Every structure is written in structure tokens, then in C-alpha cells.
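Consider the single chain below, provided in C-alpha cells and representing the form predicted on its own.
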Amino acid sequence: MTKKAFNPDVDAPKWKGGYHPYDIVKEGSIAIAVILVLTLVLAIVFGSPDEKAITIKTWSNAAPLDFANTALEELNGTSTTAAYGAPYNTASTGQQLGPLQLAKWVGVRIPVNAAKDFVISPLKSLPDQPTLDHQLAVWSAASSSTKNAWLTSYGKAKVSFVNGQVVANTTSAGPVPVMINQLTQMARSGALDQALVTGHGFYTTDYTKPLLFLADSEYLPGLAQHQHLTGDQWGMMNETGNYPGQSWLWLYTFWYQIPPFKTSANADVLVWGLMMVLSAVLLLVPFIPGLRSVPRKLKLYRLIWREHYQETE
């Protein structure tokens, strides 16, 4: 029988060097103990670099007019969430990879009606508000064209925050001024946070709606910019402030800094697709002729294990 030829890319040569005892369990235990002690000491000394959680109450008290403007966008359907598409609604095709409309294929998995879920339903949950209840009834009974006229009028009005109230300089916006002002008061008290979280039951940990509402604002992106967390600041691999975060995410973050990803509305899914391809290539390196030979031909392993080769050669 013909002896199979040795293939350096696939076959491992028979080891002819020496052997040394090595207790991997002992070494691993020592490493874990050292890391544990360092982690505890550093946590006690420096604490967590993270900021306190941002809530709708925080936002509406810090920037009440921004909250009011965002609430108006939720009502008129121009907010990011309202126009996002799948998985929240059917307003657009959503993220797509070239001609592949991936988000649309998945469909609406987390239904969100921005006007109803962020404004109307929370306001209806407020008890003992006869004036508000009447205004909500007027809103519900109005036609779409009438609602649009009210929203347009409010959008053109000069809006100010005076003595804890959102005041709009208009008389042709129907119930919108009352609705926006009441929602702002509800948010500033913290009741809106609760209403958005417990909308589908008493016990829940689904923070999708308050997070989406916050993400539609100008306030949250401003905080992200200040904390060096935006995309053009390599924010995905940063902690708050100047603290380093997940450095292993540098490759993912890198693609957001260059065209066409930098300016694409589908950047998230494009980067995801590229990373899937790169991950597949990495996994298949041992099976790709030529590419699998690169480490052997570069011989970097001899530099890393130079002491070993000096002893055996």
C-alpha cells in the first residue's frame, strides 16, 4: 500500500522533542484566584464608572421642552420609532441587506403604535382627570384630517415652559396642548415610566417602550455625545466618559467609521452581514487552501516559541 504523502497544512508531524510536566489545573486555579482578588480590590477602590440609569422622569425634568417636542413627534408619526418599520410597525421596510429586506421578512414582532402607546394610553390611565378625559374624547372622535390640522398648528406654535407647565401660543390646536402638557406633568412625576413598563401586566421587565421613547429624543443623544458613546466616537467599545470598555468590539466598531457603512441608513445590518462573513472565514481557515498555509509560511510561531526552538535545534 502506498504511504500517504505528508501535508504540512493538514498533518501534524510526530513530536521528537522533550516533555515537561505541567499542571494546567493548578495554573488555572491560580490565575482565577488572582483575577478574582484584583477584580474585588479594583471594584472597591474605584467603584463602577457607569452613570445612573436615565429615565423618562430624568429626561422630562432636565429638558421638558425636548420631551414635549418628542411627544408631539410620537403623536404625528414623525419620530424615529413611529417611522422605523419592522419589528415595531409597518411604516417602512426597515433595515435591509442589499435587495434582501431582512427586517420586513421578520415582520412586526414587537408591535408599537407610537401615538397610542406613548401618549394616548398613558394619559387614559391617569385617574380623576375630567378635563383631560374630555380632551381625549375630542381627540378620539376627530377625523384624521382634523387631527393633522391640530398637530400642524401646534408644531408651528411657540412653545415654552412656564411655572412647571408646557404652554403653546396657539388656539387652533384642539386638545393637543392639554394632552402634551399633561403627558409632560405625568413624565416629570415618574408616572409615565411606570405606565410604559406595566402596560401589559403588573410584573414585567420589558423596558422596550420607555427606551424607544427616550431614543427618539434629542436629550439622550446629547448625553451619549458628552460621554463619548456615539458611533463616530467608537462608542460601542467605550464605557461612559473616557473609560475603556469592550476592546474586543473594535473590529465591529471599525466598520461604522468608513464608507459606505458610515453614511448608510442600513449600516447595522450591513456591518452585521460583513461580520458574519468574516466570522465564517475565521472558522473555516483550516479548510481554505492557501489561507491555512499563511501561519506556517510566516513562521511567527518560531518567534513566539523562540526559547523552545533554541533548545531543540
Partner chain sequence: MSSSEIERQWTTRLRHRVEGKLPPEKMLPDTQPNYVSSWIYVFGVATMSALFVVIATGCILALRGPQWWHGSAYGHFINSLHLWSVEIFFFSMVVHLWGKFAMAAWRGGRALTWMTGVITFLASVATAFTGYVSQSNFDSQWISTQAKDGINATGAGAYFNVLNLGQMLMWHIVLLPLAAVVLTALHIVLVRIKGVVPPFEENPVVENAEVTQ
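Whichever C-alpha set is largest while still superposing within 1.5 Å between the two forms counts as the rigid core. Every value quoted in this text rests on a predicted model; they were computed, and no experiment measured them. Residue numbers count along the first chain shown, from 1.
Quick note: we don't show the form predicted together with its partner chain, though the next part is all about it.
Between 150 to 158, 114 to 122, 101 to 109, 133 to 141, the stretch whose residues reach within 4.5 angstroms of its partner chain in the predicted complex through a non-hydrogen atom is 101 to 109. Proximity of Ala43 to its partner chain in the predicted complex falls within the 4.5 Å heavy atom cutoff. In the predicted complex, its partner chain sits within 4.5 Å of a heavy atom of Asn238. Contact annotation: Pro87 falls within 4.5 Å of its partner chain in the predicted complex, judged by heavy atom distances.
Its partner chain is not drawn, but in the predicted complex it has a heavy atom within 4.5 Å of Thr205.
Every residue of the trio Thr39, Ala224 and Arg302 has some heavy atom no more than 4.5 Å from its partner chain in the predicted complex. Although its partner chain is not shown here, in the predicted complex the stretch 56 to 83 places no heavy atom of any residue within 4.5 Å of it. Once the cores line up, the CA of Ala53 ends up less than 2 angstroms apart between this form and the one not shown. Remark: with the core as the superposition reference, the CA shift of Leu300 between this form and the one not shown stays below 2 Å.
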